[in-house]
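In the block that follows, a single chain appears as structure tokens, in the form predicted alone.
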């Protein structure tokens, strides 16, 4: 490593669309001290998330072409042996291609940001004999590659950044270093305030409506179905209650949105649920709601929960994965068991019926968000990890 130039960090992410992992990576890179390191993003050709102006000045290298392996669901990638063999050969070819890009860019450390690049980028880093950091943002089930992730970690020996203690638990007992660094958000983009009358009008909401908001990708494990069941139980007692659902499906789950709208109609909720699709104005939407709800089944962290807290909104969520590390039950929100529509409805009704308690929880959440979950804090912790790794490798 040159004593004159800051070390070069290669950030590797295979995603084409903008997801939570890419949001977090953008914020991390945008807050790095450029006098201390030089970032390069290695990505799939045509990646839409690179359009963010927050990383406009960062070098970008397209290494991957869109490929079925990169687009497969977790359970498909980790399927039986006969299915796995062609994936292994494809991954090896991608790793060799990535190795060449690491050499050309002069990368001195590889930081992978997505599950598939932990494998592909990890092998490329080891072939180049470079330090390797996995930024792990997933909670894997037995059929989603959990055992493969542990085997790869044992072989590749990465330094793991886990976004929650729940995520870190996946590596328990392995001879690797795991550092828990929660996701951060740009707190200056989220602040309490009155809802926009224009936005209420756009969504067809009246001044008398009570509003629940859920923001997430439309995918089964986020718990939309449970929330619809809970809403059906509340509709008679709260006729002015509306649910605004923000998010879109991934291409491999295209039929799920229709399942949700059909279920809402079956429950008599067609007029109570507003489906917005993807929206870029989440800070304004958060100010619109009375309660933010995230009923995930296995949530690795819940970045959007922090965004809601930073807007001063009380949260109702599930005791799932990393969520209890974000939400203090009874203080900044209420936590209920996953897939329990009755408990979810009861928690929502508790806050609807006690506006003073809801406001207090919102205020407590706002303070907690500013104390623990800023992007500057995350960037500082990540850079300290880099410095430690470079010191150990001198």
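A quick note: this is a predicted structure, and the numbers were derived from the prediction, not measured. Residue numbers count along the first chain shown, from 1.
Below, we turn to the form predicted together with a small molecule, even though it does not appear here.
Student: Could you tell me if all three of 137, 163 and 217 have a heavy atom no more than 4.5 Å from the small molecule in the predicted complex?
Tutor: Affirmative, all three are within 4.5 Å.
Student: Counting only heavy atoms and a 4.5 Å cutoff, which of 217-225, 258-266, 125-133, 197-205 contacts the small molecule in the predicted complex?
Tutor: Careful reading of the contacts points to 217-225.
Student: Which residue, 99, 303, 210, 287, is the contact with the small molecule in the predicted complex, using a 4.5 Å heavy atom cutoff?
Tutor: When the small molecule is considered in the predicted complex, the option within 4.5 Å is 303.
Student: If we define contact as a non-hydrogen atom of the residue within 4.5 angstroms of the partner, is residue 112 a contact of the small molecule in the predicted complex?
Tutor: Although the small molecule is absent here, residue 112 would stay clear of it in the predicted complex, with no heavy atoms inside 4.5 Å.
Student: Heavy atom to heavy atom, is residue 183 within 4.5 Å of the small molecule in the predicted complex?
Tutor: Yes, contact at 4.5 Å.
Student: Is the gap between residue 24 and the small molecule in the predicted complex 4.5 Å or less for some heavy atom pair?
Tutor: So residue 24 counts as contacting the small molecule.
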